[in-house]
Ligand SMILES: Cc1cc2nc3c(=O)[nH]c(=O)nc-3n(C[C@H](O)[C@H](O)[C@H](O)COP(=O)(O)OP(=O)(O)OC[C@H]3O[C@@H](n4cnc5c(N)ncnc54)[C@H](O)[C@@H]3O)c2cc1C
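Just the one chain here, laid out as structure tokens, in the form predicted on its own.
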């Protein structure tokens, strides 16, 4: 079906944006094949609305050099049940899981696509979902994560190496498409191109704990700051942007920051006999002749804008040089740089101080928890699984906010295992179900019935050991 055959109503319905579709009521679908702006074909266009500048409320530079930010009234664009901020692997699972329990869910994402580092970061390798039980391997990542992998199998070039016991590799563009399908199927309101810039707190603390109560988030958009008010919030930004703004206790960590790329035409390589294989060829992807090339990078602060800016430039120069080295090898002349990731590979930054903390010692000992909401795997399926207690998703000193993904409460060595995205699927799934269950019970995230959370997770095919 081409665009000229799509009615405006059908197009909005296809977006699957729920209540957010109303905001698109002024958008039509052009049947024109090209935009014309020459003197012969130019036609009158909508002139727009002239603004006199009085809508601006800028910060002021004081005489002493300090900056004053004026108080403003932020417009509320949504009032909802569960707000999920950050649409990486954890956030997508959280939003889908919550919506499947029948609650209203908007999903906020700073980029124009879903999937986080699995798509925009080109981190295509799926590892961390197998564990060792005796002399056998067991896949402990089930639920929505396994559903995603199964659906990728049914799409062209969606996933490879999906055999039992192996670590598959997905294609970033196929995964982007699949996430759109799954999120629109769940009727989730999508707020893309929106960056969380503050938290919304209730005007009084929780009477039971005395802690501040999170009631939503402020998102920065091209129309300025806008507010989404919610009964429960799930922070899956990776950097803990919401719980940081809400005042949650957390640890700020430095870790390797790299930049992933893809190279192509490897199916045309024909080196002379005896040619030494060049470095930086990366690993296989589902697309013929295309490899993805990982990069570790230096261990620095992934929240520092100067650090990120410097590394973006440095890494792109390094990748270009590496590809030219490959091309200078006899037989590899046709290899070229297909793509550098638009999203830099920040691995660990803020980690919440939770009611429970995942430790390597407990994981090695196979510690079990009554409030287990998931089981994490090993990089190569070479050790036992480790249970995720609900308390690892729950901040110590702030109410009605949960986190999932790389920012859950874990000591450094465990954070390195938590951050791989099958385990982000697990913690995101758990956070979404817990937040929705709390809404359905009219309880706080801290006082939610964990037995009911576990029951709802099992009903969504999660693995709890």
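Positions refer to the first chain, counted from 1. Not measured: the values here are computed from a predicted model.
Form predicted in complex with the named molecule: not shown, discussed below.
Across the proposed site, 231, 243 and 450 without exception lack any heavy atom within 4.5 Å of the named molecule in the model of the complex. In summary, the region of this chain contacting the named molecule in the model of the complex, judged by heavy atoms within 4.5 Å and restricted to 389-397, 324-332, 82-90, 145-153, corresponds to 82-90. Under a 4.5 angstroms non-hydrogen atom cutoff, the named molecule in the model of the complex has residue 292 among its neighbouring residues. Proximity of residue 420 to the named molecule in the model of the complex: non-hydrogen atoms within 4.5 Å are present. Although the partner is absent here, residue 374 is not a contact residue: none of its heavy atoms lies within 4.5 angstroms of the named molecule in the model of the complex.
In the model of the complex, no heavy atom of residue 215 sits within 4.5 Å of the named molecule. Contact with the named molecule in the model of the complex, judged by any heavy atom within 4.5 Å, is made by just one of 140, 358, 159, 346: 346. Counting a residue when any of its non-hydrogen atoms is within 4.5 Å of the named molecule in the model of the complex, the hits in 207-237 run 236, 237.
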